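In the form predicted alone, a lone chain appears below as structure tokens.
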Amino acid sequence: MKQIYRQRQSARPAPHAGEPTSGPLTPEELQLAARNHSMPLEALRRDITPPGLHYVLTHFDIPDIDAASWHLQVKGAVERSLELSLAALKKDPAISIPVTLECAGNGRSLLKPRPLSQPWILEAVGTAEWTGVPLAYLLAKAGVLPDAVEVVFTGADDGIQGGVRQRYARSLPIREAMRPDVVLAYRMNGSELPPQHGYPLRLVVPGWYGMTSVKWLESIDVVTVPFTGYQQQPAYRYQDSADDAGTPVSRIRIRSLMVPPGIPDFFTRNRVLPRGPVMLTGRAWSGHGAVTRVEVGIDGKWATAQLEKPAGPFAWCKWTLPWVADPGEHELACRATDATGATQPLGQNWNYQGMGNNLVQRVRVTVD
């Protein structure tokens, strides 16, 4: 019977990325999960995430780039085109800014039905200090023409998605590209960019989901018509169905996460902790403004947590709440609210590509 079952399984057609499914994880999803990695939730204790703990999503292959021969091109609707080496960029004025980056698909695997793609649970996030040249400085140096509408960023990573061969490319509206805090980063947490994080140069767009921050950057093209490349359309859209044109994914929705208290069971990750006082802690962030409130739920009853000042306007903030743990089974949760009044939903926010799912985190614990 087992042999017949395997044969029937192998006869099934291969799934396609984006298709919703109610079945178990597919071999394709497991392969993506092995290539990419999330941030362990215990790393929420740190203001700044070390590069090896920061989440990573690589669409295609990590390019092998020789910085000595690498150049960045700035072209298109500009008064003067530029071609700059890494050494030349490092002579330009630099800024350092702490930024929380989150994958737009974070939480996708919790949706029912589950869209087939990288099967993130909750940990596709991290906060790093990025150092580099302000994008606005380079654009001013090139001289953006009055009829420009967007700036297109193209990386060196090459592959096929949706049947389309492409280099990973995304665009920003001119008004966003000219923000003083958008940076062309060549350092992460004070050190050279690691290969998986975009060496030798990457874009970092504070407040926007991570797909916007193009890695292994090779060219910046100022354009006079909206960019319609694959990663802009049809990827990264909020859609109700495959036929829905949808709306573009942009800024990060309000989210909070908790450091799971106690100790884990190895296989299930279920949490166990002793009775008595415990300090619940975590982080909250939003691309739409400051976090104004975090509430912690303990068995369905909500209490307001204490917020600490973040390291920067686009970095996560720490929250804490003391709890006296009684013996038994408990469910802990956390939800945040930002300056716009947006609050994390208690129910799933389903969409066809599994984008922007900021559902409230729930942690089950056993108190001895």
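Throughout, we count residues from 1 along the sequence that is shown. The model shown is predicted, which means the values in this text are computed figures rather than measured ones.
Here the subject shifts to the form predicted in complex with a small molecule, a form of this protein not shown in this document.
- Although the partner is absent from the chain shown here, 56, 101 and 216 each have a heavy atom within 4.5 Å of the small molecule in the model of the complex.
- Here is the short version: of 207, 155, 134, 107, the single residue with a heavy atom within 4.5 Å of the small molecule in the model of the complex is 155.
- Screening 270, 196, 232, 85 for any heavy atom within 4.5 Å of the small molecule in the model of the complex leaves a single hit, 196.
- With the partner omitted here, the stretch from 197-205, 282-290, 138-146, 251-259 that lies within 4.5 Å of the small molecule by heavy atoms in the model of the complex is 197-205.
- At least one heavy atom of residue 168 is located within 4.5 Å of the small molecule in the model of the complex.
- The small molecule is not shown here, and in the model of the complex it never comes within 4.5 Å of any heavy atom of residue 186.
- Contact between residue 211 and the small molecule in the model of the complex is found at the 4.5 Å heavy atom cutoff.
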